[in-house]
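Shown next are two forms of a single protein chain, provided one at a time as structure tokens under the names structure 1 and structure 2.
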Structure 1
């Protein structure tokens, strides 16, 4: 590098600094994004995302159309679980609440240990167990991360046949267990 090249580079840098060229270029990029459509979601106060049906969220235990429990207490879900987070205690069913003569007297999952791999869902012979779409699993206590059969048999906020992949209006509710975001499925827009 000769002396003239060195002088030219320093003069160019000096002019860039005097006329704030780098600052103006940065501000031009910022102002360019100022007038574009916002892509951020106002979660959880106003909007929430409803995932696709293939999403692996909180487990659900299901019933058939007559309202009988599909779980037959075979324990295949517990045996297939690599983290051993599912506990199933079977019992004979003489009340007719299940589809067979055996139901789960106790079905419990420890969400702190679950890695949502879906092996339990694949192992279930009666499709009683599915991974649902609920992904807001935070709670104030460790006990909240243990979900029982009664909780998982309850009605699901998003029906199974709902396609998903949309943003819906939402309402934020607080209770003693934590925060719940309830989606309004009647108003929805696409994710992109």
Structure 2
């Protein structure tokens, strides 16, 4: 730094330095943030994140309006699966309805191999198979990770017409297999 440059430091900058203006501005910013609303989500005891409906979580098998299961046992999901984690055994239902007669006798997915790519969902011609919004899949046994048709046909904790993308109140429940976080969809908030 030569002499000319030294002289160019303006009086304003000097005063700023002497009275710690920059430092005080910084302190004001952090003090302001002290009293803003925190963005911490108190998962899983009090709050949980309910994803958008495009989320690819645990598979769900659906029924039509009359309550008949939509799956026709075509095995396309099993064929399209890159990790071959879906097992489908089809059978005749003998209700005399042609192609709609077929149902899956056994429909089983191995969640340990599944990578939730969603190709099975795309392959399904009857929209029976959809990837749902449940993502707490940890369990204490290997058996727990084999989900069968009977489990996946059950009512969904988050219905498909629920838009999602919100934080809701939640409750952590323990059972012998693992833990479940139950979301209370009536209370919603967005932290942003």
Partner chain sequence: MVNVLEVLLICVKVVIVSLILFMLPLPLTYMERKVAGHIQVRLGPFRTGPHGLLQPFADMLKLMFKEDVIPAKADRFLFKIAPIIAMVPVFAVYATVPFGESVTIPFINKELTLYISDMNVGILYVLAIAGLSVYGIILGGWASNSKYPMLGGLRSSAQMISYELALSFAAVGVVMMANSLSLLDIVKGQYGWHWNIIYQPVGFFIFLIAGVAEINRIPFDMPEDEGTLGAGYHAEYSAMRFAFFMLTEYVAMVTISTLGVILFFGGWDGPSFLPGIVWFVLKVVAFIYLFMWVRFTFPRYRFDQLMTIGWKILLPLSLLNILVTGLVII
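Predicted model, so just to flag it, every value in this text is computed and none were measured. Positions refer to the first chain, counted from 1. Only the largest set of C-alpha atoms that superpose within 1.5 Å between the two forms is called the rigid core.
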Task: Index of the chain form predicted alone, chosen from the pair - done: 1
Task: Interdomain rotation between structure 1 and structure 2 (smaller rigid part versus larger, whole °) - done: 35
Task: After superposing on the core, C-alpha shift for residue 34 between structure 1 and structure 2 in angstrom - done: 3.5
Task: Distance the CA of residue 24 travels between structure 1 and structure 2 [rigid core superposed, Å] - done: 11.2
